[in-house]
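Consider the single chain below, provided in structure tokens and representing the form predicted on its own.
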Amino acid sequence: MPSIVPNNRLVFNKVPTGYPVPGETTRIDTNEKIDLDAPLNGGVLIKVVVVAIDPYLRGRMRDASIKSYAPPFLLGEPITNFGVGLVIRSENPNFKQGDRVYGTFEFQKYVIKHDTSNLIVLKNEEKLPWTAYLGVCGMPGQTAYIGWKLYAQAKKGETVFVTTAAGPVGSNVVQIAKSEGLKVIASAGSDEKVEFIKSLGADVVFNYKKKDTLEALKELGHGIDIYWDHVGGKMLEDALSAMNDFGRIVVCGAIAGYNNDKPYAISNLHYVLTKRLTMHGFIVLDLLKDHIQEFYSEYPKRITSGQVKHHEQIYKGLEGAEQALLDTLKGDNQGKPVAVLSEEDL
């Protein structure tokens, strides 16, 4: 095999207005090449096998002058996200050829990493598919497991309402809550997703595109104690109206506003005061240092034992990654979306 090979990449091309447009917001650059035999200068040469597609990537597609919790993508540079890679060569004693590693990667075929502080060698003693480490055992699973443990303060018999419950985070929250004896109310945007959530054991599931959220919550005949929010906007407003006193709101997303220039004006935030609610927003990346080892020692076992079910949607190549992002933001994906860049190494 020649040592100098193409290194196609998906680059950020234009700040979008509304939804990102494949081929316009991002484009595939076929001009890059890489010398696989070049000195690594203490680094690690990694073949990117599969990358995750997450809603928060839309927030990084902004003007670089705008501040936020995650850095912006730079025009003309590859987009990045969590992925699983295969070590091809290594000049770092902590990594050896053949290791599978989890970390943040550029959307391209090969990367050379000198800063390996965010790379984790995956032991995968449970023999899970490598794609699982981007979904149920990746950031979505970590978000559900760690966020629930720290902020839900759940008690057996309470009621939790989970939005986008068919998604990679929400589906984990549904199953964690059921395992702890809670009543689970869940919403999703299609009848197919509703059926999937029911299969996870949720007690009440509704299609929010067909049934008003506040109406569905009122029909319960009692309030909700915990609201797990991925959406924000009108759905958060409805949940506030339905919360019981001393309820907890856990916020890990706000997808209703990701593609809108004008934020939704929530009219009833006074309920946070009058109902004595706790509202906690979190970014799981802030919590991994203290909790990631516990997660890896505990959660994969739940997958192999059948306690936690998961569902993925596989996209192929860089073209698939572009489409996956659009599908995810529109709610057209089915399960955790991942883009496979190297099928032979799965």
Ligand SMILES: NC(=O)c1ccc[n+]([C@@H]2O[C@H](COP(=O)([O-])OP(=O)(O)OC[C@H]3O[C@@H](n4cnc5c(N)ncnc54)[C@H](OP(=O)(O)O)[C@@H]3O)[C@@H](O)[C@H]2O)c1
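Just count from 1 along the sequence shown to find any residue number. The structure presented is a predicted model; accordingly, all values stated were derived computationally and were not measured.
Just so it is clear, the following notes concern the form predicted together with this ligand, a form of the same protein that is not shown.
Interface membership of Val136, defined by any non-hydrogen atom within 4.5 Å of this ligand in the model of the complex, is ruled out. Taking non-hydrogen atoms only, Pro22 never approaches this ligand to within 4.5 angstroms in the model of the complex.
In the model of the complex, this ligand sits within 4.5 Å of a heavy atom belonging to Val284. Residue contact with this ligand in the model of the complex: Thr213 places no heavy atom within 4.5 Å of it. Checking Ile146, Leu182, Ala242, Val231 for any heavy atom within 4.5 Å of this ligand in the model of the complex turns up a single hit: Val231. Exactly one listed residue, out of Leu119, Ile176, Cys252, Ala202, brings a non-hydrogen atom to within 4.5 Å of this ligand in the model of the complex: Cys252. Every member of the trio Tyr56, Val169 and Ala188 reaches this ligand in the model of the complex with some non-hydrogen atom inside 4.5 Å. Picking from 29-37, 310-318, 48-56, 289-297 the stretch near this ligand in the model of the complex, with a 4.5 Å limit on heavy atoms, gives 48-56.
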